[in-house]
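The data below hold one chain only, encoded as structure tokens and taken in the form predicted alone.
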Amino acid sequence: MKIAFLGPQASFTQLAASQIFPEEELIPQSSILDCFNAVMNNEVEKAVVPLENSIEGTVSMTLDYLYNFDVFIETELVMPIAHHLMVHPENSVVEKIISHPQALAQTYHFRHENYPKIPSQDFNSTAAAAKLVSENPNEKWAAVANRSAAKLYGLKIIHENIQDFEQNHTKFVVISKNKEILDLPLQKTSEKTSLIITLPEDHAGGLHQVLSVFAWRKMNLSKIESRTLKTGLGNYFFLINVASEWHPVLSQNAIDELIALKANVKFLGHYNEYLFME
């Protein structure tokens, strides 16, 4: 089975994908969009992409593509994230720091305190940034990436664990065209159902009506997040996570009532959340 992931090699996403699919063929992609397209074009059966970080919140691109593409979530893996600052072994001076936007944001205070005048540059992934540094020994660049990337690309770590908060975790999800639940031999922490809901029109009490569907059924919502539809100011869709086991009557009746309220409901899947095993 072929599995796409946000690459290149030694990215955090590859570490997650390797734990979820230790025996499968992992195929790196240069962007999150490429991961989704690989699934939609049947180039791979599934893809692993980052969804949310405990410091910086939801990965907006992933959420947008979950809305726009006809895919489902099969499982979720929570991984602790440790960032390191690394340079080419022939360099000792840093004139620019490159990494994925989320990694740069998660290390902002460290960079501000230790490299206040050094510019940063966004890159597709932490591992891609490390690879670029390794391929340009004449440039005084540093990358923010993980230890595996430093080892793979022969870089020297000059600062370890530079994330601004110790409790830094990222959630990765497995997406596919199939409405399946992926069972893993890992530590299961919870079950959840993810829905994307679009209100029929902007009117007073519309969101309250939607939330009431879950409230009177005593269904616990672990996440409610709005995201612009990009069709005009004030137009949003909502990602809602229901933290509970799937009930064939109660859960389905909730979705049916939302539809009766003329809300557009996209079922992303009912799936398990697991912890990364170090």
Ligand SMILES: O=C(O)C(=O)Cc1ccccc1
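On a predicted model such as this, the values are computed, not experimentally measured, just so you know. Note that residue numbering follows the sequence shown and begins at 1.
Omitted from view is the form predicted together with the ligand, to which the following refers.
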Partner contact for residue 107 in the predicted complex: the ligand, 4.5 angstroms, heavy atom: no
Could you tell me if residue 102 has a non-hydrogen atom within 4.5 Å of the ligand in the predicted complex? yes
Is residue 73 part of the interface with the ligand in the predicted complex - any heavy atom within 4.5 Å? no
Given that the ligand is not shown alongside this chain, does residue 174 nevertheless sit within 4.5 Å of it in the predicted complex, heavy atom to heavy atom? no
Among 148, 91, 170, 134, just one has a heavy atom within 4.5 Å of the ligand in the predicted complex, namely 170
Work out which of the listed stretches, 126-134, 107-115, 176-184, 151-159, brings a heavy atom within 4.5 angstroms of the ligand in the predicted complex. 126-134
Residue by residue through 1-34, which ones have a non-hydrogen atom no more than 4.5 angstroms from the ligand in the predicted complex? 6, 11, 12, 13
